[in-house]
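In the form predicted alone, a lone chain appears below as structure tokens.
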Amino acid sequence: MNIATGTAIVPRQSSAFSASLTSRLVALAIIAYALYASTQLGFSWPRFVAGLEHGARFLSRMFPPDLSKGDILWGGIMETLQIAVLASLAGILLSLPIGLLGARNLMPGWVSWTARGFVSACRALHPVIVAILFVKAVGFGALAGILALVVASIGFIGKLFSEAIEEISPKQVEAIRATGASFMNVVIFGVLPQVMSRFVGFSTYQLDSNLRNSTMVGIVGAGGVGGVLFSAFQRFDYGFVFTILFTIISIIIASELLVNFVKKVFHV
């Protein structure tokens, strides 16, 4: 109450959804840097319009699709599927112990940080770059592609699995320990039941991702349909390029349906 005027003083209320000064400054800094970056990379509207015209001309050369090389396409597709399945299986099996070692609530600091450093190193490079390294090491073919995707799987699943273990409830673990159970029994009966559904979700996503990546590693000589696609581009055989791309898109859609089915089976 203002005694001099006799009016009530209404306290100032701040909006619950108003942004703070710091968040506004950060947002302005991001927008300013985006504008600066766009001026440094040579973007222009005429260049974009010309690109659309070139793209339309390129797409028109893909028709009609070439369906006469079914044997070559089928061989590449089968190798791509085999690379994705084998790499996913090996990567998932290796990620289980590595992710467990990286959990800071179960392991000593030097063990968890060593495991996390290894997982970060696996995740640092794109699978295509890793595939180039393995092609140099073991030669052209599917083995280089499998090894590259195993590394990518460990980098992804290992990190998420460690974080999932760190979020579990400690009560179940302590109850198992109170019975005098060994460390492996604690893991089997106290840790895995709490994270298994999430681990299945991570694994199905990685299988889906490896199906996509297995087409890319073939471009650098690591097996699969990517090599067939690259050869078709080099021969300007755009009708066959369209057939390959349409087949890859169909496989990815089919894999999405398969992953959803697996998730329903495991109630993920």
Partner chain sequence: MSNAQIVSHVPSAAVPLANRVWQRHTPIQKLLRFIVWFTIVLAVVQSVRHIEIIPEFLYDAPEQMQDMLGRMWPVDWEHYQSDVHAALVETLHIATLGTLLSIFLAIPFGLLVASNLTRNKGLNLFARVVLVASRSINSLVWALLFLAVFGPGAIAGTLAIAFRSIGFVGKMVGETIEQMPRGPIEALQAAGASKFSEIWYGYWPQLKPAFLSILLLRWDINVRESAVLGLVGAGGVGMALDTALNLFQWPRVATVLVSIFAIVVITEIVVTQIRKRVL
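Positions refer to the first chain, counted from 1. Rigid core here is just the name for the largest C-alpha set that superposes within 1.5 Å across the two forms. Worth saying up front: this structure is predicted, and the values here are computed from it rather than measured.
This protein has a second form, the form predicted together with the partner chain, left out of what is shown; the following refers to that one.
Candidate site formed by S38, R123 and A142: every one of these residues places a non-hydrogen atom within 4.5 angstroms of the partner chain in the predicted bound form. Under a 4.5 angstroms non-hydrogen atom cutoff, the partner chain in the predicted bound form has I253 among its neighbouring residues. In the predicted bound form, the partner chain lies within 4.5 Å of some heavy atom of P193. In the predicted bound form, M216 approaches the partner chain with a heavy atom inside 4.5 Å.
In the predicted bound form, L73 stays away from the partner chain, with no heavy atom inside 4.5 Å. Of the stretches 108-116, 161-169, 180-188, 75-83, only 75-83 has residues with a heavy atom within 4.5 Å of the partner chain in the predicted bound form. Shown without its partner, the chain has R123, A124, L125, H126, V128, I129, I132, L133, F134 in segment 101-135 as residues with a non-hydrogen atom within 4.5 angstroms of the partner chain in the predicted bound form. Once both forms are overlaid on the rigid core, the distance between the two CA positions of G70 between this form and the one not shown is under 2 angstroms. Once you line up the core between this form and the one not shown, the Cα of R57 ends up 2 Å or more from where it was. With the core held fixed between this form and the one not shown, V26 has its Cα displaced by at least 2 Å.
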